[in-house]
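We begin with a single chain expressed as structure tokens, specifically the form predicted alone.
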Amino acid sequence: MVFFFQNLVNALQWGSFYALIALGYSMVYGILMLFNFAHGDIFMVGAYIGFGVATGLTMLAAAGTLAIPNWMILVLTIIISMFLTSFVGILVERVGYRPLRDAPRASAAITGLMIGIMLETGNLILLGAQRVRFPTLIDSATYNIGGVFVTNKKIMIVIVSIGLMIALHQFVQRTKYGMAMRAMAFDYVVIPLMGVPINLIAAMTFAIGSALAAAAGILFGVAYPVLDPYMGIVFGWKAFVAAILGGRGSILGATLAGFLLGFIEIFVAMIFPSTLRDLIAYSIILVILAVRPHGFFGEPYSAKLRL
């Protein structure tokens, strides 16, 4: 049981990354019926922006210019990076997707792949191919809870991730912009006739999704402090699977599916050789989708929409 709960803690942390990234996929797909395949690389860009912000703030603190503790540097890094990365998402929507809004869905999907390659190449040009180490902003401390060892970083990552997910849910459910987003997801054609500014809501959707991906990138840097220009590829595709598994446009579904994917990967690696992790994990997901082709909370009518 101790071994089980130890891996459960690891799965919660791993699932937090998938869930935060999957939310951006799910929002864009649910509202605009677009597969934003550049989203994984926006996760990478957000992590590198966080690296730059954290490095700058740490240097200012070391020089005495900025007299704040390291935990406050981490908070500022998350807030500033989410804000800056949201503009990356707005730019991607404005330049890459808005001109193709009425084009076949395949054209938009290919555009997303090209934008992702451009973000990766831009990173390589600016910073080179070498990996960078995310600054250590909080000292690691380990707590023994009934034989289960839990670090303060894991606790922080899970709490911050769940807090961001709850904040997104409250925004979508309780604000007029959230109501507009839900209305666009329900009927994209009629909503402009009701006075809803489609361009504004689309840009806001990309901005929020990109900000959450940036938060995931920084939290990943805190837990695994080595950043790579291609780190967004694998995370992006796995989070996309989680978004589809959760159901079209479902925030709750994307969250649960992200955590479920993290649980499956960790516990499969616990029982079987790690080389079989992806094979077994995605075989399980394939079986789930065979039973629930619309995902956990997807609506049957979504299959009739234009793809």
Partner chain sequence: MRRAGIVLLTCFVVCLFCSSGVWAKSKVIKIGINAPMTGDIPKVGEGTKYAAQMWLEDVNAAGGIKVGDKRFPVELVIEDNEAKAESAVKANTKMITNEEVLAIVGPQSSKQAVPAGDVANNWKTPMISPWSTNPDTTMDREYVFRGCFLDPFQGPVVANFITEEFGYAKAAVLYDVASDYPKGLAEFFKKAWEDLHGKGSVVAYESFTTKDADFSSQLTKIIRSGAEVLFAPQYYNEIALIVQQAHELGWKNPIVGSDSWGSAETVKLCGKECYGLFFSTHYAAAGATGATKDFIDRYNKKYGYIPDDVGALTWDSLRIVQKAIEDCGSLTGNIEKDRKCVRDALAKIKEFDGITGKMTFTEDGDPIKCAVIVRISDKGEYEFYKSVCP
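All of these numbers come straight from a predicted model, not from anything done at the bench. Residue numbers count along the first chain shown, from 1.
There is another form of the same protein, the form predicted in complex with the partner chain; it is not shown, and what comes next is about it.
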property: Within 4.5 Å of the partner chain in the model of the complex, all of F3, R131 and P273 (non-hydrogen atom); result: yes
property: Among the candidates F186, Y224, W71, F83, the residue which, in the model of the complex, approaches the partner chain to within 4.5 Å (heavy atoms); result: Y224
property: The single option of M33, A269, I280, L66 touching the partner chain in the model of the complex, heavy atom within 4.5 Å; result: A269
property: Proximity to the partner chain in the model of the complex (heavy atom, within 4.5 Å), stretch among 170-178, 102-110, 138-146, 89-97; result: 138-146
property: Contact label in the model of the complex: Y230 to the partner chain, heavy atom within 4.5 Å; result: yes
property: F220: touches the partner chain in the model of the complex, heavy atom cutoff 4.5 angstroms; result: yes
property: Non-hydrogen atom contact T151 with the partner chain in the model of the complex at 4.5 angstroms; result: yes
property: Partner contacts in the model of the complex for 1-23 (non-hydrogen atom within 4.5 angstroms of the partner chain); result: F3, Q6, N7, N10, Q13, W14
